[in-house]
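Quick setup: the structure tokens below cover two forms of a single protein chain, split into structure 1 and structure 2.
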Structure 1
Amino acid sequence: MSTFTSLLQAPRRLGRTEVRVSALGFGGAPLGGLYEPLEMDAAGRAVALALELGIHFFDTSPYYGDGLSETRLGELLAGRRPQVVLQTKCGRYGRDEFDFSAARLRASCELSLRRLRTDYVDVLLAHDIEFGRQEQILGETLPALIRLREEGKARAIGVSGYPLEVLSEVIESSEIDVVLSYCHFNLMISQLDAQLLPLARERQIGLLNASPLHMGVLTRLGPPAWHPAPPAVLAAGQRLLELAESRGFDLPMLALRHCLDHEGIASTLVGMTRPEQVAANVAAAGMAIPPEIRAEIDAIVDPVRNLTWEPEDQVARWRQG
């Protein structure tokens, strides 16, 4: 039995909820055409292969392509709703468009359900909450999500965001079920363990991890020009790529395998639109990282480990109310 097969045979429980997710999640952002033109036939085959191989957790958001990701995912999953765990979001609708009001969240949820062709989602998250205000998120947004959960529109609710400080404050101040963090646990970053994991375990909150490739740093193409990481981090990513290729490994596969090893994370989300991407991710999940390769990776990463781009001004605005 492969490592990945054993993971699929025992899906991970999402915190204290009854929702159980595959360790590898199907990220739906690319379905919105955010990164490259989408071929629906290939996307359909990717979804079918993912389900065949046991990847049953699908993530999307109205932000991804102005609802296009949700619409396409609803089409691709038509007739398969009992087989899947669906997660979508609310509150963020464009690059600079945010509305965390109770009325907009309810309307957003209803629209998402129509797009996804379902009468409920398994997980509903307030999307990128650091762009809101603490007072509104705690006093209006989360109570609205709780009501939607009580009405059966969502089985579990939670938040997503980047600053761990903000996510921690929400866990301590509300009755959420799930937190989605990105770029805080991968080959280069382990801050999730120290700053969020203990609190999440204490409160029985399900943890989801995104950006296992550090928003492109751990890929052959490298990071996009807008990437906010310090230059030393970007340079270390290039050295990791050279190391992996010199040893006959694919860097994204090493990075994904590293994330899937974390038992405290219920699922790691990876964007997929083609069957070959699904197959590669499954292969990564079934591989092992040799100790000698791990040691060489650590030697490159250690000088820049946990070097992030904490948006202090964003956290300050969050608290201003």
Structure 2
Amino acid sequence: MSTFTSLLQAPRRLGRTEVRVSALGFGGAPLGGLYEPLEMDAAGRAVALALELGIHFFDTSPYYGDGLSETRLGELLAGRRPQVVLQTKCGRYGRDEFDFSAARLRASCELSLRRLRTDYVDVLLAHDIEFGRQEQILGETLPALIRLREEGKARAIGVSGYPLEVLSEVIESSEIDVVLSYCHFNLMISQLDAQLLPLARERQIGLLNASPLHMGVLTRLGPPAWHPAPPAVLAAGQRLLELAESRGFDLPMLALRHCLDHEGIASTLVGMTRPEQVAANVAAAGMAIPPEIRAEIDAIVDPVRNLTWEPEDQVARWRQG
């Protein structure tokens, strides 16, 4: 068995839960058309190839394409439920549409189960909790998720979001199993290590790292128009692309290799819509980043490393709630 196949096929335990995920997870945001128009045929082949190559962990949300990503995954995974680990979310339904009430969460979960053609999900997360209010998330949302876990609708529950201090606060004051962080550990950023990892380890939280390609910045297609990163970060991404191509490397593969090396992360979630992407991302696990390329990458990234787009007033609003 080759190194990359064994790396991907050995499932990893998600924190203290009994859920086991593949080291590389299939991100479902692009299946909702969040990056570019979707070719359904190619997406179907991408999902089939992912399963064949050992990627059995799929992430989605009602937010991705207003239910489209869940519906498409339900179709593409029909008949494969025993083979896959399914994660979906609740609480975010549009760019500016959030509802973290217990009643909506329950209704949302039922709708997700119908779209995904199953009677339980493996993981259910409250989606982008920093847009909610701390008081409601801790006092109503998470207790509602815990009830759904007790009822067997979800095997594990948790939260996703961007500001690491918000994720840390929730870990410290609740009984969640899983945290999904995005754009905080990849070639351009390493804040996850100092700001979330030690606490997650101590509490045995399953840690998921999403957006290893910095939501498209580290791809030839480039970032979508809605990407929130400062212009200097986007410009550095373009320079990394030029560097990789001039040296005969594929930037997404370098970026994924970097993330897959991280031992504290149960699974790295990358959005995929085409079989070529699946093949490249799986092959990335078996490659090495030559030290001279690493040094050139660092020279480009260092001036913008750890530059985020976290609005301080958002975190303040969350706390005031």
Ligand code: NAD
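Along the sequence of structure 1, residues get numbers from 1 upward. Bear in mind the structure is a predicted one, so any value in this text is a computation, not a measurement. Heads up, when I say rigid core I mean the largest set of C-alphas that superpose within 1.5 Å between the two forms.
In this pair, structure 2 matches the form predicted together with nicotinamide-adenine-dinucleotide, whereas the other structure does not. The rigid-core alignment places the CA of residue 74 less than 2 Å apart between structures 1 and 2. Core-superposed comparison between structures 1 and 2: the Cα of residue 227 travels 2 Å or more.
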